Ligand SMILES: C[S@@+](CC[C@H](N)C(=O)[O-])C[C@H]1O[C@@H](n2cnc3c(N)ncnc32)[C@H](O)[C@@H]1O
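In structure tokens, one chain follows: the form predicted on its own.
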Amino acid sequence: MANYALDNANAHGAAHLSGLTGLFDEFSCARITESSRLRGARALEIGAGNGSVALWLADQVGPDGSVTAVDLDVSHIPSHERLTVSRLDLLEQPPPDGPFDLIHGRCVMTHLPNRATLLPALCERLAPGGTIIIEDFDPFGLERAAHLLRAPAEPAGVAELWHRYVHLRQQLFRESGSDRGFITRVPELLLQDGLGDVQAVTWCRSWRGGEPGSWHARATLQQFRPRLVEHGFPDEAVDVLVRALDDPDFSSAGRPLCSVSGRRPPA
């Protein structure tokens, strides 16, 4: 969180979070539903962002359940009678005390340099029979993310610019301390922590300019603009891509999300 390459408090932060919501909430909620018994559950959402998944959970757990949502910036999270929102820096502070029947985190662990110790701490907070689900972009999907199914006819060269940008974006995340390969190690780490029913599911869908995927991409592009220029990516090239991302003829192959789940054995 404190080490995150992007800032949810930035002027483009809300669009970035809305894009993630539109891209992946349907998949994330389906994974939670198939992996957990939600009625009456105690749930923890880490890196809650705009609270979309936490609010959905608050509806699903019903009057006998509860949801705790934590993030470094909680300004985007609406209120709900069954939702407790806490500002928390997971680099400096431990996760909330459990036990929890469900712990979910999307696109957060990869950015935290203490990820290898944080994951066991989260697993310790699972109740017997509880489930943890960690989700992040699949590093093996980089070339898919860099590929356009279709590019606007004008201006020429949008596909080549996009390909160059996606690879440079990966470099910028790495320079900020993100570990895009961490999600591939999560299954083994969950097994080492004594969890069972470990499963990894990867999901991807294409998107076009003007759709949620473009909101997320444009917000990331705009936040990275100064660093892109420092790395030799021209400012005018950023403008070209910003405009292209509003064009319905811009069609991305999509960016795969990997979802890893594991269950604490019953007592």
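From 1 onward, residues are counted along the sequence shown. Predicted model, so just to flag it, every value in this text is computed and none were measured.
If you look for the form predicted in complex with the ligand, you will not find it shown, but the lines that follow are about it.
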query: Joint contact, 145, 159 and 214 to the ligand in the predicted bound form, by non-hydrogen atom at 4.5 Å; finding: no
query: Partner-facing stretch of 86-94, 151-159, 183-191, 121-129, counted where any non-hydrogen atom is within 4.5 angstroms of the ligand in the predicted bound form; finding: 86-94
query: 4.5 Å heavy atom contact, residue 72 and the ligand in the predicted bound form; finding: yes
query: is_contact(residue 253, the ligand) in the predicted bound form, heavy atom dist at most 4.5 Å; finding: no
query: is_contact(residue 166, the ligand) in the predicted bound form, heavy atom dist at most 4.5 Å; finding: no
query: Distance check, residue 65 to the ligand in the predicted bound form, heavy atom within 4.5 Å; finding: no
query: Listed residue that, although the ligand is not shown, lies within 4.5 Å of it in the predicted bound form (heavy atoms), from 195, 108, 133, 172; finding: 108
query: Within 243-267, the residues that have a heavy atom no more than 4.5 Å from the ligand in the predicted bound form; finding: none
